[in-house]
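Before any questions on binding or motion, here is one chain by itself as structure tokens, the form predicted on its own.
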């Protein structure tokens, strides 16, 4: 999408709006398929990143799998056509009634997050079910601490000693089909070394247990460039990780979300006015942290681009803020851009993951509309 398309969307549907570039998502899927062409590979899209029905429909038609972490996500993917055998169930606190439904429906796999969850699942078994175990390899993903999940102090998964005890128990119950191991060490990871450390640790654990894994689920977390130049080097990933994956001779699953959808979307907003105080300049937008909480929650820095003519405009250094009654409602501090005029538009970039999905009703400010660009026309998302 170019800036003209984004302006057209703003003029047609009003602001604030999320605008999704669906052809970009298709490109990502094609790139991933080509990258893993020499493996028995499946993508299980991480629904938590973005549960928009139009995006999920693309993935369903592309015959991907999905990774869900709640019963709400499970119902959403079923609604758009995903059959249970294409659904992987994750999450660190699955309720009994939810487990009963997953067993009844016959999902592809329930990824067990704890020994206690294994005991809970045993009590609700009504027929055989495939299970994997989420292992926590105590690896520093070198990402923000809020989205690191592979350290021993994190609430997710089990250590290898506990995993060994779980496997022993699972093997005594004919109702379980133990298919493999799952390992998700975090999100927005831009270095290959944490993945290498994790997959090597799984390799040695599997060897010590004499395991022949049907499935090796490497989770997701591939980092994208949010404007600082840091991004996961896929060439380096292939060079270092692929030789080890070939040793497993297993179905390889990735639970990618952000990498698929984040760069596909923009949050388009209108400039209400430019506020000047004795010490600061503020660019006031009609969107805020209730629409995109990542800057307030993670300190995330999204690139913001003007959708107006910048030629012959003076540059100003300003805080770009929203209307929410919180000082944290700030997208960027001391951000340099051409001075906008009231009513002009800006676009906040790379918001397709954990943008609308984390939007709230705080201050009773309505959530933004979601608009899709299918390569030919702009449409209100269903």
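Numbering follows the first chain given and starts at 1. None of these values were measured; they are calculated from a predicted model.
In what follows, reference is made to the form predicted together with a small molecule, a form of this protein that is not presented.
Enquirer: Which of these stretches, 202-210, 308-316, 250-258, 98-106, has heavy atoms within 4.5 Å of the small molecule in the model of the complex?
Expert: Looking at the other structure, the answer is 250-258.
Enquirer: Is residue 356 a contact residue for the small molecule in the model of the complex, using a 4.5 Å heavy atom cut-off?
Expert: Outside the cut-off, so no.
Enquirer: At the 4.5 Å heavy atom threshold, is residue 222 in contact with the small molecule in the model of the complex?
Expert: Residue-level check for residue 222: yes, a contact with the small molecule.
Enquirer: Please tell me whether any heavy atom belonging to residue 132 falls inside 4.5 Å of a heavy atom of the small molecule, as the geometry stands in the model of the complex.
Expert: Outside the cut-off, so no.
Enquirer: Does any part of residue 290 reach within 4.5 Å of the small molecule in the model of the complex? Heavy atoms only, please.
Expert: No, residue 290 is distant from the partner.
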